[in-house]
Ligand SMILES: Nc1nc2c(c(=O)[nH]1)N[C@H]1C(S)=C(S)[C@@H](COP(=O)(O)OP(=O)(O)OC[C@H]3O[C@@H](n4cnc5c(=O)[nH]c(N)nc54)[C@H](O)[C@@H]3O)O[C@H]1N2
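The data below hold one chain only, encoded as structure tokens and taken in the form predicted on its own.
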Amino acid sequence: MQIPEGEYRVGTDDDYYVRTNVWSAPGCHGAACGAILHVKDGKLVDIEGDESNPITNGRLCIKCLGIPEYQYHPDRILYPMKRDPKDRGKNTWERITWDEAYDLIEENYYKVREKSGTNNAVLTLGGTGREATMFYPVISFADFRSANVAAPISGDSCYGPRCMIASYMFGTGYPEVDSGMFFNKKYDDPRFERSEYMIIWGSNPLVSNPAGYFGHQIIDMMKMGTKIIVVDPQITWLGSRAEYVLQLRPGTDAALALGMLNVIINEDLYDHDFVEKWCYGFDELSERVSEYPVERVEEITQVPAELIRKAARAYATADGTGRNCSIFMGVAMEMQVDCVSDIQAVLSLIAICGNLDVPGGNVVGPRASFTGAWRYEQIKWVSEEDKKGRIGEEREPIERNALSNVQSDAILPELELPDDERTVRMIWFNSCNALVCMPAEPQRWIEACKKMDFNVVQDLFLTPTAMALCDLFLPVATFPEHDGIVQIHYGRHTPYLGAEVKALDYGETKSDLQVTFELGKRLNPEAWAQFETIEDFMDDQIAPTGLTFDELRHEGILSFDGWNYKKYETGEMRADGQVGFDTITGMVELYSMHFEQWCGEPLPKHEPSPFSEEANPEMAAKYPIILTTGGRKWTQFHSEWHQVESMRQIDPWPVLTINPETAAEYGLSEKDWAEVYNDTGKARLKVHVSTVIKPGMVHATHGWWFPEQDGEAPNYFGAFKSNINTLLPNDSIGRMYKGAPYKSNLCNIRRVRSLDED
């Protein structure tokens, strides 16, 4: 079924189709998948791809196709609920109205604020749901007027570091692969050129569609002739189809990038014109990379020296075709302690090869960011005193100058303080299942969060976090149940703006925006005084387009044509209109002036993971296996979807992938249960024996809990049985407080009888 241009709904009152753009809830990485929803007799009966959507062209993933099952799952919570804080861990929830829920929030907010003497008594923790991502900072800043807001992931290891490091090196947002997304005709625009080579570094974009980029665009370009180089400890589907696979040891990405830079500079393969005109610190970078000849890099990374040379030459020269090349960087780069150097070195590759803001390369902003910029501007409602009093204020030179979140590893020690020393007394969990996903050492988080006077959760199901910690449950609407603005972002770019269109009512659910708006009207009405309705707010957000939200709803999705390449030559990258980059030097800072000031290290360098044989031989002797985690699954989004039967049929258990050689050494066979453990924690997973991973290392899936199990204390739906984050230490992070060992840890393994028996 396709809906005519200029319409968003067709059919009769009791049997109709609605065109929308998928964002959240449930959470997913926001590629703005275009969808047609079929509603019959008030019920969502089917979903199919919208072929007119310029990004996805009718393609949907298994999670979108499973939305009707998710939508009507019998365990979904459809109305507000409360319980006595004394009953945390017990299923004693009582249904209440939304007015009663808001009354409880208001009452407890004023209590904790008076007790602590500051608005910072409230801490907001946010997950990765796309609308939630836009509005949980606003709940903190504009509603509670608290400076304490964070995604509680150690080392802030998700997307933010890429954006911030790019901001200081290039003066722009994160540079994304050019996929024609800035042109109305996309690939058919004469200005578009495909990459000759694309390096996919630490990502599995077909599965995860990370940060808005639709991974199947890579397949489109491969069909046009783009060749792939994959950097990953595992052989992925894309890796099996790559020209070169650099299967590196986890935690050594910076060394590999420095080795490639060594080849490119020493073999004189870099773009002399771009480097001479637009790069600051090339000589210093050259001196640094001289420390990383490929023979040394082979020892560090386990990637053969000749393979490093071949991949570097291919990227730098595009096989002599005269085309440009690109690098697609994933979250794995941020989920290791050497995070800053990893990203800095890879961005340096893009720059010195002249692949920055050119057709077929990595393109940069700025572009209008709509809601994305507005959310952090709302910190204006926080007093200067409260800004100075936020958690971990002393830690964050890089983030304080780019975002407004608190540094996440500082949160746990604050929550663990005695009552008379602690500021935070209330936590707002916004689409955040913190006991299962994101934080390191969740076994410490549960005890710390129990100390709070009052906790609130916004979610769709009773998660372990809701059952263990929360006193008020606010039911979140799915994307078929609410209107919204879908902002497809790439760093600081907004190439598309879509409408999330309400198709039906179900229960008493509310969107993240609706809760933020209605709560703000109560707690800080001045912040919302100019808007009578949510639609007024959305009209204001998209005013630069010249459209109202209703007009956007009829349009479906906007693409912003008129993109220019090489904006550094035309003054479009600087606020003052001068040519160059918006940095201290006006150039790409290969040698970062900011980093020199903040941490004394302006250049990338390889630093062994603190959880490696080089840095910690005693630990490595006790725990000789390299542990990496966090790989994405088609059927899950972090800790979501585990209760949906069709998804569990495909992925019924958490999985530990292990090489046959290592499996034999530890007496493990396919489908055995294995316990993974170290001094920090333990988790049990089903063994999958495969050659996609090297000997001496294992990969564990993440975000696991068991909705079919008992939810009451102490089991909490099995929240800690297979939770691989229990093995990750909090606050074992890299320079400038970025990066953590999600991808490069140490462990041991042993065979056990089952999930619960030794």
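Counting begins at 1, following the sequence as shown. Here the structure is a predicted model, which means the values were calculated and not measured.
Beyond the structure shown, there is the form predicted together with the ligand, which is absent from this document and is the topic of what follows.
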| message | Against the ligand in the predicted bound form, would His29 count as a contact residue? Criterion: heavy atoms within 4.5 Å. | response | yes
| request: Give a yes/no on whether Thr628 approaches the ligand to within 4.5 Å in the predicted bound form, heavy atoms considered. | output: yes
| task | Please run the contact check for Asn430 against the ligand in the predicted bound form: heavy atoms, 4.5 angstroms, yes or no? | result | yes
| request: With heavy atoms only and a cut-off of 4.5 Å, decide whether Arg194 touches the ligand in the predicted bound form. | output: no
| query | Quick one: of Thr680, Ser286, Thr545, Gln234, which gets a non-hydrogen atom within 4.5 angstroms of the ligand in the predicted bound form? | reply | Gln234
| field | the ligand: the contacting residue among Glu640, Asp338, Glu589, Asp178 in the predicted bound form [heavy atom, 4.5 Å] | value | Glu640
| field | Among 47-55, 720-728, 31-39, 706-714, the region lying within 4.5 Å of the ligand in the predicted bound form by heavy atom distance | value | 720-728
| Quick one: in the predicted bound form, does every one of Gly202, Gly251 and Met438 get a heavy atom within 4.5 Å of the ligand? | yes
| note | Restricting to 320-335, the residues within 4.5 Å of the ligand in the predicted bound form through any heavy atom are Gly330, Val331, Ala332, Met335
